[in-house]
Each structure stands twice: as C-alpha cells, then as structure tokens.
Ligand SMILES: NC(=O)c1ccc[n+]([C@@H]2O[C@H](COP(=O)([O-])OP(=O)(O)OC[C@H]3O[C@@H](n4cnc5c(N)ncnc54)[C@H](O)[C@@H]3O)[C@@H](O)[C@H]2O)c1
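Here we start with a single chain on its own, the form predicted alone, put down as structure tokens.
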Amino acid sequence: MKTTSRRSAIIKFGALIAGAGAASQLVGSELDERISLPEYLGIPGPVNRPLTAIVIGAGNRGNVYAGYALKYPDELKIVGVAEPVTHKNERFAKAHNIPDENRFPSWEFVFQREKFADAVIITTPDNLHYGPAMAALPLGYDMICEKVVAQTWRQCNDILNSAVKYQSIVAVCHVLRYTPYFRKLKELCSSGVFGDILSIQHTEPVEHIHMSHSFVRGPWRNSKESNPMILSKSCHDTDILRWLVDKPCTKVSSFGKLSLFRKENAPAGSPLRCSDGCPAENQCPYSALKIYERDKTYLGHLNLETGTEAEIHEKLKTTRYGICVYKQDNDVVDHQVCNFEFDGGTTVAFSMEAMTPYGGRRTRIMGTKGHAYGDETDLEYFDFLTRKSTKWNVNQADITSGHGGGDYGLVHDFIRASIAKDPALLTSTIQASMESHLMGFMAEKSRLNGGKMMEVKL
C-alpha cells in the first residue's frame, strides 16, 4: 500500500496514530490533587449484550483478558479456545464452561469453522500472531491482538490492510494507555499546562530477575523467535511516548547491546543446568533453583500441571528454565538507549535498563510552562509561574486488574467499540499502533547500524 493510501486508511478508521477519541478523554481538564479517576474511562454504562470471543492461546495473557468474562459475565462471554497444551486447554475450558466442540488443539482449526463469535483474542507467542490474525479478519471477526502485532513491518501492514478491508475493530494490547496513571499523564499533556513540550526523559527499568526469566530463559529471549527487545518489551514505551507527544515521530537513533548474559561470563566450572551441581549456584542471583524452587517466582511459563516441588524440579532438569543464564541461545539486548525527534522539535530520550532491582517506568516531561515527574505510582507537576507543585498517587484510583488496571481497561473499551462498531471508542486500535511499532523497528535498525540516524516514515 502506498504511503498516502495508508495514511488515509488510518485517518478513516481511527484518529491518525494519536488514538484520540472518546476513550482517551478524561473527566474534566482542571488539575486537582488526586487521581480520582475510575479504572475504566471509555464509554460508560452497561452494554446491551455480552460480546462473544474465542481465545487463541490459553497462557498467562489469554487467561488475564478472559478473566474479565468471569468478573463481568454480562459484558463478555468466552465461547471457544485454541491451546495445544492439554492441561491448559482443559483448565481454561472448565473455567469458562466451553463445550468440547469449541475446543481446539491449534489456531488453524478455529478458522475451518464458520464464524461463531464476535471476536478473537490472540495471545499466542509473537511468531504466531500473524497467521491467526490473517485468518480471522476475512471471516469478519473483531480482534484483540497481544503486542507486538507481528514480527516484521510488512506483516504489521498486512494485518492493518486486512482490518481496513474488512472493517474490523482491532485492538493492540498497549494496556498502559488504559491505566489511571498514564491517563492522568496524558490529561496533563493535553491540557496545555506544559506549554510546549520541549523534551521527555523516559526510562523502563525491567528488573534483573524479570530480565533473566522472560528475556534470557523465556519466550522473548531470541529475536528470531519473538522480536527485538525494543519491540517485545518496549513497544509499550514507544506507544506511550507517541501518545503523550501527539505528533509524528520523524527521526530515531539507538545504541545498545547484550553485555551480561553471554557465554563468556559463565562462572568457571559451571554446568549447563543449575541443578547439575554448579559450584557458583549459592552466589548467583540468577540461579534457577533459587528463583523457581526456593522463591517459587515466575512459575507461569513452566507449564506446570500440579505445581508440586517435584514437578518444578523436573522442569528445571528438562526445560530451558533450568539452563544457566550464561549458556542460553538468547540474543536480545540487556540495555538500550533511543533518541527520538518528533515533528515540531520535541526530543525524547528513552532508556531500557535490565539491571535494576525494581520495575515501574520513570518519566520526566520538560515544557515551557512546567515540569512533571512520575514513576507509575506517584506523579508530580510543577508550575513555573506559580511555583506550586501538584501531586497525585495512583493508589487513590480503583485498580482491579494487572498492569495498573490497564488489562481490564483495554477489554472494557474493546467490548464497547466492537459492539458499537466504533473504533473511536478505543484508543489502541491497530491504526493508532502503527507508528509506534515503526519507531521500534527503525530503532532496532539504527542499533544494528551503529546508531545511524533513521527517518521514521509511515
């Protein structure tokens, strides 16, 4: 598709990239001293019927979004599931009372049937988004698609073009847009209190154990199997930054590398697996025995059926989660910086940092009239004229789901957008997600080319 036709398609089926619409409008525009916002700020009130959906991939994220149906059965009903792991399929089907004829061992079988739901929720691994998405849209399904949309820019465009062709509502799981914290930050940016936004400093601290689990041992460790780190982890951040600035990104440069989790850094005499008598096990913060057996954390990806200590130990002896972090096939970076320039001259410095003891994004906004700093819990705005600080704390909001309330916030707005067939009721449409994905693809291209400046052109 040519650039002009792609832009016209985006304009027609949702506000151009910015994702402006009813779902992004907050109650009032005046600053107050509380984040006294409800969790869900899309179109209010009940729906006239439950939206029906099929979940493709009954892992962690599939269960999270489907959990909305268990809490709000008048709004969402899960009527089918595709999941190759037998006990996950059975557990999910039992939780949602799904009949056997609507249970499938793989996504391909779902689309051999005539359409039997309003929507599909695609929560498969990154490399299995494209196939089910391209099969679902021609059949008339609306769709929630876990980020990253796909593994290449061409595949992302294929899904966009199909969504436009079949007039489908496609939500991308940029769940941070739906949190009270980031909605308050967006409200500040849209209210004019900053004057002109000159620059933003934004940091994503991944947390070192999370890094070792998800991006060294886990599903997102290898860019060929999933995506580069700037996309698989930080497309949330490129999306939020594009949303806050609300102008097209024009240029990007990036540096970063994989420094720690490399074979040459393995302790002397260490075996392949932590359970095979590693002499450094007691001194290693990334010991699989410590993380999974003793601390019993990050067990979700181990595909446990019973959760017994014996089963956990067996998984560490037979799966990649028991392999030394320095002897994996991982290739994604453990630190990366990106510089973005936006139309009008706003500059953004973004840093993804694996080696931290904490999570929670840090954001600092510098404007001509004021300054703000926040860490996903506390947010403070300082007015240059009055010299007054105004503070908010996210705990003053009603949070009932993961990602600071964003998981259920996304589903809430998607239900209403799908039933009304109105993409303006949803901020994170695929149309709104394209440019922030392109920012990530171009940042990775820049990194692989020694930090060379790249233009960002839709």
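Note that residue numbering follows the sequence shown and begins at 1. These numbers come from a predicted model, not from an experiment.
Although not depicted, the form predicted together with the ligand is the subject of the following passage.
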{"query": "The ligand contact in the model of the complex: residue 375, any heavy atom under 4.5 Å", "finding": "no"}
{"query": "In the model of the complex, residue 85 touching the ligand (heavy atom, 4.5 Å)", "finding": "yes"}
{"query": "Contact test in the model of the complex: residue 389 vs the ligand, heavy atoms, 4.5 Å", "finding": "no"}
{"query": "Contact label in the model of the complex: residue 171 to the ligand, heavy atom within 4.5 Å", "finding": "no"}
{"query": "Output flag, 57, 61 and 147 jointly within 4.5 Å of the ligand in the model of the complex, heavy atom basis", "finding": "yes"}
{"query": "Heavy atom contact within 4.5 Å of the ligand in the model of the complex, the stretch among 118-126, 242-250, 197-205, 331-339", "finding": "118-126"}
{"query": "Interface residue in the model of the complex among 301, 362, 262, 313, criterion: non-hydrogen atom within 4.5 angstroms of the ligand", "finding": "301"}
{"query": "107, 130, 92, 292 - the one with a heavy atom within 4.5 Å of the ligand in the model of the complex", "finding": "107"}
